[in-house]
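A lone chain, given as structure tokens: the form predicted alone.
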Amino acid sequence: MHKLSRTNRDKLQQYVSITGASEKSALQALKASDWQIEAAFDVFYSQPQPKSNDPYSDMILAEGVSVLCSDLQVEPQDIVTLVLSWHMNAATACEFSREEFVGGLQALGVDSIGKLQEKLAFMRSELKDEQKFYDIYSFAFGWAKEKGQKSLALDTAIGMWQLLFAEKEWPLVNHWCDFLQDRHNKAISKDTWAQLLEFARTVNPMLSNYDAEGAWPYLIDEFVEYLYDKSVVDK
């Protein structure tokens, strides 16, 4: 360890923290990849692993993701972690498979934690792009829901809407969340998730262009009535 440069010591520590590998295995992988972290992950995960009945043995789980966020100097609940997961095409929040993690780093064109950190500003800027925001929003439903569930738990959906619409700045988001808690109190379907974004994009906050005869889901029609009842907008 004393022969390593400060940069390489940092890479070794990051690698061990994220993968859970021993220092010996991490050192071998990093040396074999000329100290390029992204390539080192490939080396580590391509090595024959002891047979395990643990389905998560090839995963970076919540603890590793927390360490990664710490290394990137972002909070785990920062929306940029959602954008990063979108780039990695992660199936589930707070975990990455080897393929997802390495593939995401390759797609972003980075080979170190430092370079990944330099990409954070770019990833934040992607939320300002209309099409990318739509893609990230659509991705978020499957990413945030519990494994094996078709719908998104209401509290999770509300948290995600507040996070996403803080970027999109939809003035009615808090009223929508209050309405769901007051009148709905059920899990959110994929269709409702998708249609809510379409409503926010196409119907102005004063509802002057809202078409009561349109093909909106029943829940959104009920939300409009809720806004009228609460005098949030004039009928």
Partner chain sequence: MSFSQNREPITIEDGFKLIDAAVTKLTRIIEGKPEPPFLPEEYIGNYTIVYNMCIQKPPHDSSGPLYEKYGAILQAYDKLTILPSIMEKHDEYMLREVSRWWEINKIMVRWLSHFFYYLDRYYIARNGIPSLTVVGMTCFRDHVYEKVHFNVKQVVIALIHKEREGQQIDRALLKNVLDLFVQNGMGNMERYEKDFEDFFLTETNSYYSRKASSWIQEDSCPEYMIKAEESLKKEKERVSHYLHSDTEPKLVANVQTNLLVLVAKQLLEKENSGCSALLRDDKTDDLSRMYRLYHAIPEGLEPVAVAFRLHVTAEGNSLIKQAEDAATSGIVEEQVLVRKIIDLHDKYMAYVTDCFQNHTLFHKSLKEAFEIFCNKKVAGSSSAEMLATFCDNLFKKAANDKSNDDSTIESTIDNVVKLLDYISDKDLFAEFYRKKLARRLLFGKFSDDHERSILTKLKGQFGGQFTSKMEGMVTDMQLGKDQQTGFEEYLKNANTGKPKGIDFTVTVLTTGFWPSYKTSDLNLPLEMVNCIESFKAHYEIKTNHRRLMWIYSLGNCNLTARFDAKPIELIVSTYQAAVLCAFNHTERLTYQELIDQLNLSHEDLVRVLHSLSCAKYKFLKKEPASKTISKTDSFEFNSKFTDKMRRIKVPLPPVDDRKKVVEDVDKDRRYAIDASLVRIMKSRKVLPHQQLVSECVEQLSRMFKPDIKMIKKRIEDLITRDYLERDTENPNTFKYVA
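Owing to the predicted nature of the structure, the values given are computational and were not obtained by experimental measurement. Residue numbers count along the first chain shown, from 1.
Omitted from view is the form predicted in complex with the partner chain, to which the following refers.
Proximity of residue 150 to the partner chain in the predicted bound form falls within the 4.5 Å heavy atom cutoff.
Residue contact with the partner chain in the predicted bound form: residue 198 places a heavy atom within 4.5 Å of it. Contact annotation for residue 34: none of its heavy atoms lies within 4.5 Å of the partner chain in the predicted bound form. The closest non-hydrogen atom of residue 58 lies beyond 4.5 Å of the partner chain in the predicted bound form. In sequence order, 189, 191, 192, 195, 198 are the residues of 180-198 having a heavy atom within 4.5 Å of the partner chain in the predicted bound form; the partner itself is omitted from this view.
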